[in-house]
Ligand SMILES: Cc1cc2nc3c(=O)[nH]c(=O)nc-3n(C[C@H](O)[C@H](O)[C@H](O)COP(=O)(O)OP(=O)(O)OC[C@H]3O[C@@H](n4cnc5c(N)ncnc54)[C@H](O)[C@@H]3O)c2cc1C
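Listed next as structure tokens is one chain, alone, in the form predicted alone.
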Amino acid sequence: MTTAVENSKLQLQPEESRNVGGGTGTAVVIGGGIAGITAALVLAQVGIEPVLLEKRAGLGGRANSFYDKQQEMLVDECQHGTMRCCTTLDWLFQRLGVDGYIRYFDRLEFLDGDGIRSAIYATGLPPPFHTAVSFARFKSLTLSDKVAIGRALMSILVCPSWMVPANENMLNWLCSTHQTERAISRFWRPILVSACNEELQKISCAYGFKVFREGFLSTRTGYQFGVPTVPLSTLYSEPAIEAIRNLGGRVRTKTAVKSILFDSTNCRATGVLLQNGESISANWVVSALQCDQILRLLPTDSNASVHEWEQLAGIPLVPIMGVHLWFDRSIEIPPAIALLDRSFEWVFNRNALYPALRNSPAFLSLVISASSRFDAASREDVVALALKELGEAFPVVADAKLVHSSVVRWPKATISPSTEVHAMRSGPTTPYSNVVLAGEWTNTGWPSTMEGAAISGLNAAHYILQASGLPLPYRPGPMAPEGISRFIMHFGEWWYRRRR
């Protein structure tokens, strides 16, 4: 497999590197992550010519891969996954023609510290009871744990979105619903920390409720977990470059933006200035960078109000860490399994996920979300901990020899989904009339996820199209509530409105 830079079919041709003129319907999109890709695709679809600028060699942003020279293969910088309820991300996969590279699991495997394996799966019962049978059989939880969890889940489902206590964190809310210690450590924490990349005491109920309502309670298939069966650069970079160009857009990689250019009033952008001194003119500028990078785009002599951007630049960011391990022999473990009672939350068996690696020696990837507690840990200590926890969970690993390892740290992987940050997240608009924001950190209703990134790209593109008087293309919506969940949610709306 080749990266986007290595694939000659997708290389920028000399004539494609020229500046874009200031003609009608041009937009510079800064940042080639999922948000930038989505915005560029939608704009190009309607007729606004996008120029997507990315400083790295390929697209995808934090959903990217690197080339491991020793193993001679592309390796994801960190494992990424999705869920069936992530409808906008699924729409993007379909637009890129890569939806067939996502493998969905309708059975979620869990392994606790006592070596007991349990699973969540759906039966023929209507939502929200579709997973009730597997939940009743969940061996890592006692009956009292399950009763407490069930009571809290019903409270989440019946609570309308406009009544969610967004200013309360999930840990406090769970304690107020009398959750047991085991229920928190073996159910609530593994799911929410993995989904939100933050500890329970910092996760706003706005996001905790969202994850469970959309993923586990309202529909039959929303909980299903999707994992790519190809490296992330193959999933995003090459297909996105080709799709955008096929629609008449332009993509420039290895291109860093120094600042946004403004007119003499400093109220309207005229384009961007690149680090190499080149300028690109455009009618619109979309910043799809991480929130801590936005302020640097403003020129030092800008006299427009930047208070809003200063606030966004102060949004706290949370790290995540991935560990990749190669062994000298095959190891039979599930394709994806959640570890309870351990530091590492997930183990992914790449051999079972990647068809090209089916007959190769074991290649395993592990993830620690909200990994700040390991910031000072050495690479050797992290690998040793990974081998220790793997050996405890799967004794067969002890018989294999580690031949290579890689530790990948993202110090600023996602924003913290805290109660304070919930109020700081911005929409696509800025103090500048034709400068628009995109990124999973914007106000998408989701925590800092790939689904949120795709939604933000749509938000930015739709704002530009609406302001330009152009038709809005199809926009995927959330999965419609099914079964009894639909009636419970309607009852909740009626009940809370009646009490107001």
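The numbering used is simple: start at 1 and walk along the sequence shown. Only a predicted model underlies this, so the values are computations on that prediction, with no experimental measurement involved.
The same protein also exists as the form predicted in complex with the ligand; that form is not shown, yet it is the one meant from here on.
The closest non-hydrogen atom of Ala398 lies beyond 4.5 Å of the ligand in the predicted bound form. A residue is said to contact a partner when one of its heavy atoms sits within 4.5 Å of a partner heavy atom; His462 fails this definition for the ligand in the predicted bound form, lying far away. Proximity of Pro50 to the ligand in the predicted bound form falls outside the 4.5 Å heavy atom cutoff.
Using a 4.5 Å cutoff between non-hydrogen atoms, Val98 does not count as a contact of the ligand in the predicted bound form. With the ligand omitted here, the record of contacts in the predicted bound form names 71-79 of 388-396, 421-429, 335-343, 71-79, defined by a heavy atom within 4.5 Å. Screening Ser406, Thr180, Ser330, Gln293 for any heavy atom within 4.5 Å of the ligand in the predicted bound form leaves a single hit, Gln293. Interface residue among Trp91, Tyr354, Trp410, Phe138 relative to the ligand in the predicted bound form, by the heavy atom within 4.5 Å criterion: Trp410.
Contacts of stretch 55-90 with the ligand in the predicted bound form, defined by any heavy atom lying within 4.5 Å, are made by Lys55, Arg56, Gly60, Gly61, Arg62, Ala63, Cys78, Gln79, His80, Gly81, listed in sequence order.
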